[in-house]
Ligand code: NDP
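The chain below stands alone and is given in structure tokens; this is the form predicted alone.
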Amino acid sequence: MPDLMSRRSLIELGVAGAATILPGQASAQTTHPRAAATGDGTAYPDREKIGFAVVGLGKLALGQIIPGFHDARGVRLAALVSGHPEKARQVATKYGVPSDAIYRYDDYDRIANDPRIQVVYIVLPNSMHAEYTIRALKAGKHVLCEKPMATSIADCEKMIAAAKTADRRLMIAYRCHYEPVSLEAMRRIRSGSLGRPRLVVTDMGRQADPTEPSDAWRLDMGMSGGGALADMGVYGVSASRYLLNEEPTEVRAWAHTDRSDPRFKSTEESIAWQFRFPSGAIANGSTSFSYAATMAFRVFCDQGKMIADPGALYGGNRLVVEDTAQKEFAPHLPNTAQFTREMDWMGDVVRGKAPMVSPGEEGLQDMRLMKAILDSVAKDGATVSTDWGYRRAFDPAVVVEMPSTA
């Protein structure tokens, strides 16, 4: 990380029990009753929309999150938090944010006195998630925090504890829980139409460019908490879990890193891992900051298979299904604004009209699994137990509605 990059610049870069559903079994859960906010295309009046403050005006916030408010049915952009006043003013002017709703990092805690803000969306380098999440919760705001949740298990636990103390909701931004291709794949597995799932394969990676400011901090272990694993690999770790609706009981992992490559002074270059699940299913995953870009998953069942390539991009994902007759077909699925659906869901969680599908505990589970992967890498592929007893409270396949194709 260049010494010339300031902290401020780095900031800118950037109620039911568990139900395990096996193929052929009915779910113990039923579809949660939802308001019109995200289901049938009816929008809330502007005065009833949940106000969001976006913290960090980096690439993701400007390219995906803030534009996503345009089509949101139940939430609106209410405030900005930035270390660059002029940049913030330009963004505020473009998106109609009042000048008195622009906050700096050094006066961030003043959001406590702003009733226009109900939710704070943390879009900062991973190492800053815990601090700004906890401060928002102490200010009495609900929090939607980008993934990975933090850079350590201890910080994840502090964030969860802070939410409980403040009696506020903490949601982690797992947009794929609400994305049509992932939802369709989950539902087909739950239905048993392709038989029992035997193998899930996830490959998530790309070439990192250290000249890109948004990649510079991701290549720093202290700021990212895991390099490619924390940036891209978390999608594969999460996908294997939500596709199978199970939690792995053990992992083995290996890495290859060319330390002569200046990009990999503190993070691993490429990592591959294998999860074992209670049902007998296996998940093979890989991530890299040095192979050709891919965001794909495959599911092999005993009577068919599914391939999503791409399967976890911001748009343009596609699912191909092959049954026992080797007949391939691609279900017609809507190409929705994923961040809009995610934020609208958070709005309904705050209203008490939707279940918390992506709580802090989900982020903690993935953080624990990523640490277990790195622990296994450090032990040259030794098996690491991951059977901590965690079970997700809500299965996205059951409670998240498929968006309209209209």
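A residue's number is simply how far along the shown sequence it sits, counting from 1. Keep in mind the model is a prediction, meaning the values are calculated, not measured.
There is another form of the same protein, the form predicted together with the named molecule; it is not shown, and what comes next is about it.
Engineer: Could you check which residue among G205, P248, P148, P180 gets a heavy atom within 4.5 Å of the named molecule in the predicted bound form?
Structural biologist: By the 4.5 Å criterion, the partner-contacting residue is P148.
Engineer: Of the options M159, M171, M128, C301, which one has a non-hydrogen atom that comes within 4.5 Å of the named molecule in the predicted bound form?
Structural biologist: Selected option: M128.
Engineer: Would the named molecule be touched by all three of S82, L124 and Y235 in the predicted bound form, meaning a heavy atom each within 4.5 Å?
Structural biologist: Answer is yes for this spot.
Engineer: Give a yes/no on whether Y44 approaches the named molecule to within 4.5 Å in the predicted bound form, heavy atoms considered.
Structural biologist: It does not: once the named molecule is placed as it appears in the predicted bound form, Y44 has no heavy atom within 4.5 Å of it.
Engineer: Find out whether any non-hydrogen atom of G58 is located within 4.5 angstroms of the named molecule in the predicted bound form, and reply yes or no.
Structural biologist: Close contact exists here: in the predicted bound form, G58 approaches the named molecule to within 4.5 Å, heavy atoms only.
Engineer: Taking any heavy atom pair closer than or equal to 4.5 Å as contact, tell me whether K87 reaches the named molecule in the predicted bound form.
Structural biologist: Heavy-atom contact with the named molecule at 4.5 Å: present for K87.
Engineer: Please check if T257 has a heavy atom lying within 4.5 Å of any heavy atom of the named molecule in the predicted bound form.
Structural biologist: Although the named molecule is absent here, T257 would stay clear of it in the predicted bound form, with no heavy atoms inside 4.5 Å.
Engineer: Can you check 217-225, 191-199, 268-276, 108-116 and let me know which stretch has heavy atoms within 4.5 Å of the named molecule in the predicted bound form?
Structural biologist: Stretch with heavy atoms near the partner: 217-225.
Engineer: Quick one: which residues from 321-358 get a non-hydrogen atom within 4.5 Å of the named molecule in the predicted bound form?
Structural biologist: Only a single residue, F339, comes within 4.5 Å of the partner.
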